[in-house]
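Considered here are two forms of the same protein chain, supplied as structure tokens in two stand-alone entries, structure 1 and structure 2.
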Structure 1
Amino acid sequence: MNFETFKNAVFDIAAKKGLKNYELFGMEQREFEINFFEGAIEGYKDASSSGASFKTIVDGKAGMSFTEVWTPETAEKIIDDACENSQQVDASDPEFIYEGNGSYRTFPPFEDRYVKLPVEEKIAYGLEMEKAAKAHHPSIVNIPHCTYFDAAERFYVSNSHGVHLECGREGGGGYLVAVASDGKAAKTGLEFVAQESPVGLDFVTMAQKAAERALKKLGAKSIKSGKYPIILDYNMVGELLSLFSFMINAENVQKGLSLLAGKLHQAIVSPAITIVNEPYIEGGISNIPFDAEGVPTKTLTIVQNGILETFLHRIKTAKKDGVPPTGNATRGRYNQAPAIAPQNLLLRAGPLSLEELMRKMGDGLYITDLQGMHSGANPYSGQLSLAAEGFRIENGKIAYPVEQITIAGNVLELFGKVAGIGSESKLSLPSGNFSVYCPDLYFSEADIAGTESPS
């Protein structure tokens, strides 16, 4: 039974039972992944799943239930289970069903192109990655991680207010970790590539970049502790923006968990910073025309010239704040309750290339790696204490690689010191169920702890 047939069965039964306010959410997911090591397949995953959740509101109380089987029997069961569950819910924390009063942007049709690629071609991509990284330089001694991946999702939202929506999205790519050694120390370099279509995916260049990242770190040394101007690589900016996404989540704000509570329409970062949620970016893997509650997604300016303009909402949090929903409900799986997240979190680019940022900075640090985000970055307070690697910049040019340093401070205070913005917002390392696009950023000052003794 497909979702349309299942939906019709659910709606027929719900009407016969006299339900007036209900929603059916469906999801189909496909994941494919191959891991390679030493020219052979080390791991293989090809999995598909589907399921649906039913939510109904009875006497002001919302009940929800789930099924992974779409049959007439399960259609009646998830309705009965949801009605029963609604009686166990605290009515003081209400849920809502979208009433369908918005318009939807037209997205390109879902084509599911990756599933049409022969498995042999996908294997060839992975082997090509590993070979390219190894051949890049004799000092590349190991490729501990080499992965090809692709995935596709289809979403369905239908409710008793006449909302009937369907869309799909897909993406694929690869990532690789290369290890370089000079006989004294070993360094790693990570690179990845991901996009909506398999057409034009450049696995060779990606693998060579990973190898080059590792090579450039050889011969690294520490520096003296102090305050330094720094440039953060766009991938590291993306790491910090993922932390920022926690702070702009309206549910966290309402629970008193966000540092940004009470700061709406106030300056929170440098006036050079503008951050936007984009539901569609060409070639993106997180594009979607509606959220997990059926609300239309839209371009949403979160921070405009340093001023916090809005939080991200789903219907429940928007009702609580007396504002329209922003279309940011999300679900990782059909059996998870809606959460809040951006689709594509975009920090607007500026006018300067990386080389121009370095010349503008003159002397400082170019940070390309941050470690310990899960333990060293607190999303509640914004405090950071992260091990870092990168390069010493002298007279506007890279002088030598740097290691054994720590960057400390507060993420909002750091973003208040932006002195230059890179000219291209690029997809940063994956961040869960949303994408982050950002440029390199130049900060006028950061607290750096090193191990080199003061002279």
Structure 2
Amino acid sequence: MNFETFKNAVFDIAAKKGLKNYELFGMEQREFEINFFEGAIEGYKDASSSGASFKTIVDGKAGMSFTEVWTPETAEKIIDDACENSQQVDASDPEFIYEGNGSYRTFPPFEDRYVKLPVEEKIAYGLEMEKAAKAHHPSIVNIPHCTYFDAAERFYVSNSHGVHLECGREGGGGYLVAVASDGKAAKTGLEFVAQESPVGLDFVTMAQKAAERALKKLGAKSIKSGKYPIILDYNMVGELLSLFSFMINAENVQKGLSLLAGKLHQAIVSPAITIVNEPYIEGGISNIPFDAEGVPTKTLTIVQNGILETFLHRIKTAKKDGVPPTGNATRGRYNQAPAIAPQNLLLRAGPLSLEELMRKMGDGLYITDLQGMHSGANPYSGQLSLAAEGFRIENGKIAYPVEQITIAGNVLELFGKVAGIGSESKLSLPSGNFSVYCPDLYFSEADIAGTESPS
């Protein structure tokens, strides 16, 4: 059964059961991945799956049920389960099914270009990147992870108000971890590429960057505890913005879980900061014209010059606040309930190159890695306490690599201390089902702990 047939079966049964308000969300996805180790294919994955989630709303209360089995029997089963689930709900804020009065931006057509690439070509890319990383320097001793990947997804939203939407998207690229060793200690460097089209993917440069990241860290030492100015690498700014995306989620705001509740139209961070949500970024892998409830996605200025302008909404939270939905409903997979997330979260770039930021800072730290985001960063309190590594900057130049330090503070306080913004917003390490684009950021002060004893 394909989605269309399954949807017709579900909608027929739902109508017969007298349901008035319902939606079927469907997803088909495929993923392809090759892992390389020491010049050979170590792992190979070629896979596909599909599933659907039925949601019905009775007296404002939503019940959901999902299945990966598309048969007439499961069509009836998910309807019955969703109805039963809705009866248990006693939340006071009503849920809604999209009535479909929005207009959608036209995106470039979905072409499924990665599927058309011969597997031999993908293998060649992988072998090439592993070789490039190894050849970069004799101190590169191991490439534990070297992967080529591509994936495509097709989304469907159909509901009882006559909304029937369908779109596809794809992306591919690679990532590589290089290990450098000086005989005493080992250091790792990670780099990745990911884009919508296979055209112009540069695996070799990516691999060399990963090797360079590892090499530069050799000979790292800790420093004394204290307050230091820091520059945060764009990838790490991206990680911190994931905390921020929790706080601008209207569902969290309405439940009193966000530090930003009640802060609309107030200054929340440095006036140098502007953050937007974009439904489409050229070459991006998270672009989508409609959200998981069928609402059109749109460009949204979330923070303008440090002032909080809007939260991200889905239909339920928008109705509660009396504002239009912003098109930010999301479902990572069909087995997850609708949540709220940006499509592409973008922190606007500034005027300064990394070298200029370092010169401006003079003395401080350039932090390239943060570890422990999922435990050491608390989205409720905004508190950070993370392991870090990077470089000591003296007189505006890299002096030596630094390891075994921690950074502590509050994410909003930290973003209040922005003293310089890098000149390019780049895709940071993909995590979760949205993309983040950030520049390097220079902060005037951060709390650092190190293992060196104070002199």
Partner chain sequence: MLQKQEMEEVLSILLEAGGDFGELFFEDTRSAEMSMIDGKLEKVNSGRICGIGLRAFLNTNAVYAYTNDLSIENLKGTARRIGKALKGLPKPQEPFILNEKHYETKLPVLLPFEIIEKREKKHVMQMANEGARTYAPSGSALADLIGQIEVSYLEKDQYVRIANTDGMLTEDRRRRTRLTTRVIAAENGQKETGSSSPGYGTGFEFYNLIDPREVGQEAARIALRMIRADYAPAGMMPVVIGNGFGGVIFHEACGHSLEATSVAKGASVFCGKVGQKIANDCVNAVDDGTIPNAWGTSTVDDEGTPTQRNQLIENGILKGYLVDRLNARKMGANPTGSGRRENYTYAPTSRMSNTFLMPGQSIPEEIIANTERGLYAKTMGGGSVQPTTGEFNFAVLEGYLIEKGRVVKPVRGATLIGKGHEVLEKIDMIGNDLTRSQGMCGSISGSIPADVGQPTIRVSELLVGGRNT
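Keep in mind that what you see is a predicted model, and the values were worked out from it rather than measured. For clarity, a rigid core is taken as the largest C-alpha set superposing within 1.5 Å between two forms. The first residue in the sequence of structure 1 is number 1, and each one after it adds one.
- Note: the form predicted alone is the first of the two, structure 1.
- With the core superposed, residue 11 shows a C-alpha displacement of at least 2 Å between structures 1 and 2.
- Taking the rigid core as fixed, one finds a CA shift for residue 334 of 2 Å or more between structures 1 and 2.
- Residue displacement note: residue 409 has its CA displaced by under 2 Å between structures 1 and 2 (rigid core superposed).
- Summarising the core-aligned comparison between structures 1 and 2, the C-alpha atom of residue 78 is found to shift 5.0 Å.
- Taking the rigid core as reference, the CA displacement of residue 68 between structures 1 and 2 comes to 3.6 Å.
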